[in-house]
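Laid out below as structure tokens are two forms of one and the same protein chain, each shown alone and named structure 1 and structure 2.
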Structure 1
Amino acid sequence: MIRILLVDDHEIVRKGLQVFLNLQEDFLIIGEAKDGQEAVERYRQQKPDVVLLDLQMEPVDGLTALRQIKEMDEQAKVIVLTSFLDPTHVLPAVESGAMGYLVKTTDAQAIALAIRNVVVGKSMFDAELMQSMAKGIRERADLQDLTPRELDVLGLLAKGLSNQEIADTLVIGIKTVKTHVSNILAKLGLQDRTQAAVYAIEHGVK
């Protein structure tokens, strides 16, 4: 069973999600939270497999909760489910460790698919979001400029893995991973891991 924590300040949204997700045989809703502070406490107590997290909440917002959860557990799998699709909301969330970013108008089946993919380590982002982010990436170099190991690292970045997870997967040191990431960004003319992940997805790097 995939154990899920729902975080949203609107009870009607939480209940709606709960009704649908409870119909899935492999899902189990283990808790709800109405703000970021409660989300962090619930995560600490219940250690869910996946968190569905809204961003706009008070007094503690979702982005703050996301960062605190990731500090508590680097392996935490969080999907942002919100109404905002602009870069000022998207990029901080992804850079803070969100493995998925979906808008609330997303089809229910797509949300279920995202949960299943994220729990096995795959990143899931709204299709419109991916297109808009890809437009902002300037292709200054070719994938042929990357070494085989850098391609391996890039593929794992696209799956949303942390530096430590990449190191464990490739059986290399975390300092080596950081060097590879820096080289990838420099060679492809990209600014951060988020752009690298989008670049990899757009170019079919696995």
Structure 2
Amino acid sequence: MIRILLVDDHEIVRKGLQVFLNLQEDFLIIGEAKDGQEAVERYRQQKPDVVLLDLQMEPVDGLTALRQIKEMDEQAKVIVLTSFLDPTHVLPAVESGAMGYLVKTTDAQAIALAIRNVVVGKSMFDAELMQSMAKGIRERADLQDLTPRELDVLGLLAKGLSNQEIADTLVIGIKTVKTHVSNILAKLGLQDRTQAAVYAIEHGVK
């Protein structure tokens, strides 16, 4: 039997998964959790074979839970099951050790298949996902060209601050800020700060 832990903040989704997965003879739902903290506790207590994990939860989100579970048990097999297909959400999850990543529109058969694969050590990633990944990695590469300080500046810029305000916030000179902004624009291949702000928001720079 494959022992499964369900983690999702929507009761409806948990019940839906229950019904579906229980139809499989070799699956056993051993627990449910409705946020990240609960998920980590249940994992510790019950050591499931697989965790189906949503990302968007309150107060502790799925990514945090994933990292804590992995810290506790290097071998933990976690499948992320979420609505977000964008690289901003996918990449951190994969980097944190998710063995699978499925979107919620996936049908039940595919979810069952993913669970069986992950249990025997094979990763399972959504097909659509792979397409968006190529683009995502490329865009991500641009962001990684930025130095920590440039990311600071970009984050403030994306909140609508002027160069002077950024300088005051970071306690540096406005000339320095201008240098950083120029470098950011050059590295990202953008023309002005408005484009940089749009870029930053779309890529989740904080």
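Predicted model only: the values in this text are computed from it and were never measured. Start at 1 and count along the sequence of structure 1; that gives the residue numbers used here. In this text, rigid core is short for the largest set of C-alphas that superpose within 1.5 Å between two forms.
- Only structure 2 of the pair represents the form predicted together with the DNA.
- For residue 16, a C-alpha deviation below 2 angstroms is recorded between the two structures after rigid-core alignment.
- Shown in the overlay between the two structures, fitted on the rigid core, is a CA shift at residue 41 smaller than 2 Å.
- Once the cores line up, the CA of residue 163 ends up 2 angstroms or more apart between the two structures.
- Structural comparison between the two structures after rigid-core fitting shows the C-alpha of residue 198 displaced 28.3 Å.
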